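The form predicted on its own is given below as one chain in structure tokens.
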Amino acid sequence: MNMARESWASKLGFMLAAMGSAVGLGNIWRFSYVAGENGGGAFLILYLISVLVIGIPLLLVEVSIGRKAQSDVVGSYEKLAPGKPWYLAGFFGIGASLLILGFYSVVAGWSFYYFWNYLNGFFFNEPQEGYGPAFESFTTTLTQPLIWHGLFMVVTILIVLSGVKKGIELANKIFMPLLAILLIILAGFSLSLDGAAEGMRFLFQPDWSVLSDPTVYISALGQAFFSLSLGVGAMMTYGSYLSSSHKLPGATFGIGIMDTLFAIISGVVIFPAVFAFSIEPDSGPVLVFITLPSIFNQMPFGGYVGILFFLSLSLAAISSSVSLLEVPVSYLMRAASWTRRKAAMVSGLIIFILGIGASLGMGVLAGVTPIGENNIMDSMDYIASNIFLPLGGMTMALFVGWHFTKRTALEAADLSGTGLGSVWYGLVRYIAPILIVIIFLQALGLF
């Protein structure tokens, strides 16, 4: 079955879809607690530098490979380096997308559950046992989290099987502007609280003393790398639906900047509220599902703030999950000659099954620790984030920096004849691989 390759309806559609891929739970959930753990303002500056030095250059690398090859994450390497083993890195991307979406969809299901319980008014008042025990009771039960995980996957599959233009692009054209509006409204709520100024100082006034800790630099680099969805192949797949008439440098710079803005606005939503109610800013992942509902409960109109917040979280989760599902779908459509519908449904089913393990690992299978003391979900996260993603990112950088000639690399990235071209090529060829190795070794606890 030789099907014509799909394409984006517009450059804006591509940018919104790519932003949707990058802007997910990682911005709203992970950025806030990582920034909290690493001192706030100083971390934010290091994060911004990391986005400019490694994030955007690697984003341009990934998109340029996909556009040049006009193929999926495995097919791109096969086409551009036939007969050579580069294509094996594509399978790291497919593995990472399946593993990440396997647990990500479970957490996104929790977000759906919270949104529904704010929408029906149940969480407007604190449950009798408290938000913490209520969250633990929900996540450790057998069936309820699986139902919400399944619902989330059904939504994701339906968008992907609808196609690039009518599914992925259309959904992101609705979701991303709506998400931006919701976060700005929530930031306004947060800034109106007594004590909000202290949260803003924490986020924007650097405490330079934290820079004496080398792990802060690594955390900033890692957050920039993971926040932009680098190494998983989603951006390569999205890039493959672009034509040569779309210029890449401006688009990738815009995506990187907007992704960072979403992360900062999320910080403005969370930190003023956290400080206004004397909560520790480094509360970790429980910040979103336990700490924030407790804060909303104490705020004027807090229940309505909860509706808006968990709607935002759910929209961000869907926009990212769609790009993760598209990675195996695009591969199966080419390699197995499957229809989009069949590829989306089979890939989605595999991910749902992986999610069953991740969900049960919070409850009946809590004693199962595949890697060290990590439960099933954390082990899936560990393998995908600390092994597959850095290997995928490293391969992309080495491929463009060392397999391509400089001329080919600059042409692929639309940087021929520009002063920025040599700077970008130097970063990709020399600096990015070193930084990725550092992130990789630190994540494995070897650095």
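On a predicted model such as this, the values are computed, not experimentally measured, just so you know. Heads up, when I say rigid core I mean the largest set of C-alphas that superpose within 1.5 Å between the two forms. A residue's number is simply how far along the shown sequence it sits, counting from 1.
There is also a form predicted together with 4-fluoro-L-phenylalanine; it is not shown, and the following applies to it.
Picking from 322-330, 354-362, 132-140, 369-377 the stretch near 4-fluoro-L-phenylalanine in the model of the complex, with a 4.5 Å limit on heavy atoms, gives 322-330. Proximity of residue 435 to 4-fluoro-L-phenylalanine in the model of the complex falls outside the 4.5 Å heavy atom cutoff. Using a 4.5 angstroms limit between non-hydrogen atoms, residue 105 is distant from 4-fluoro-L-phenylalanine in the model of the complex. Proximity of residue 227 to 4-fluoro-L-phenylalanine in the model of the complex falls within the 4.5 Å heavy atom cutoff.
For the chain shown alone, residue 32 is not a contact residue for 4-fluoro-L-phenylalanine in the model of the complex, no non-hydrogen atom being within 4.5 angstroms.
The listed set 234, 160, 292, 179 contains one residue whose heavy atoms approach 4-fluoro-L-phenylalanine in the model of the complex to within 4.5 Å, identified as 234. Checking 38, 50, 27, 395 for any heavy atom within 4.5 Å of 4-fluoro-L-phenylalanine in the model of the complex turns up a single hit: 27. After superposition on the rigid core, the Cα atom of residue 225 is displaced by 2 Å or more between the shown form and the other one.
In the core-superposed comparison between the shown form and the other one, the C-alpha atom of residue 266 has shifted by at least 2 angstroms.
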